[in-house]
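Coming up is one lone chain in structure tokens, specifically the form predicted alone.
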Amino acid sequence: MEYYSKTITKLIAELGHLPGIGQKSAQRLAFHIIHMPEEQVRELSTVLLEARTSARFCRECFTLTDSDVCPICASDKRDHRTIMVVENTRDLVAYERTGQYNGVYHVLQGAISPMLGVGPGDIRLKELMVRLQGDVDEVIIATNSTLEGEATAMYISKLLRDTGIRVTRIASGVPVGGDLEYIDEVTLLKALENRKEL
């Protein structure tokens, strides 16, 4: 039984396709949009279409951007000799929020996952190797601490072993404010392995 008109039902269904949006959230968003001033709805739909049609990969680092080269790669204030390798654009943004990293990035657009049929040729590793032909001092591997992220990190470190480029891996371990009793064993082990002098 349908409770709403066909257009409202369709709007709820379309919003429900978004990640992390369940039926109730989709309903709430739909009614919010319906009650917005018409001009705001037009602006929202215009921005959605513009973002979808103008989004592309930066030709240097492969993050999402709306120009040929993203603002980070285009900046002469960044250290282009240090490249941080991340799995996706969201990871890049997470590091940018710290305000402490001044190098550039390389976005793999995924991680190696034999279980899902994702191999080294399915992510941006070839492009990384091309970039490393230039003047690069260090590659920081900042893939996630998942099985796939660790496999990708190991694969990259093996690829770069004989290049003379310094290869580092981000540390992982106990989060700030975390209680040890609630932290899993793998995380505790990583924290122990990555300990440092005080």
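Don't overthink the numbering: it's just position in the shown sequence, from 1. On a predicted model such as this, the values are computed, not experimentally measured, just so you know. Rigid core here is just the name for the largest C-alpha set that superposes within 1.5 Å across the two forms.
Beyond the structure shown, there is the form predicted together with a further copy of the same chain, which is absent from this document and is the topic of what follows.
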property	result
Proximity to a further copy of the same chain in the predicted complex, single hit among A171, V41, I165, L147 (heavy atom within 4.5 Å)	V41
a further copy of the same chain contact in the predicted complex: L64, any heavy atom under 4.5 Å	yes
Contact test in the predicted complex: R52 vs a further copy of the same chain, heavy atoms, 4.5 Å	yes
I21, heavy atom within 4.5 angstroms of a further copy of the same chain in the predicted complex	yes
a further copy of the same chain contact in the predicted complex: S113, any heavy atom under 4.5 Å	no
Region of this chain that lies against a further copy of the same chain in the predicted complex, out of 125-133, 139-147, 41-49, 152-160 [heavy atom, 4.5 Å]	41-49
Contact at S5, F31 and I34 by a further copy of the same chain in the predicted complex, all three, heavy atom at most 4.5 Å	yes
After fitting the core, T9 CA displacement of 2 Å or more between the shown form and the other one	yes
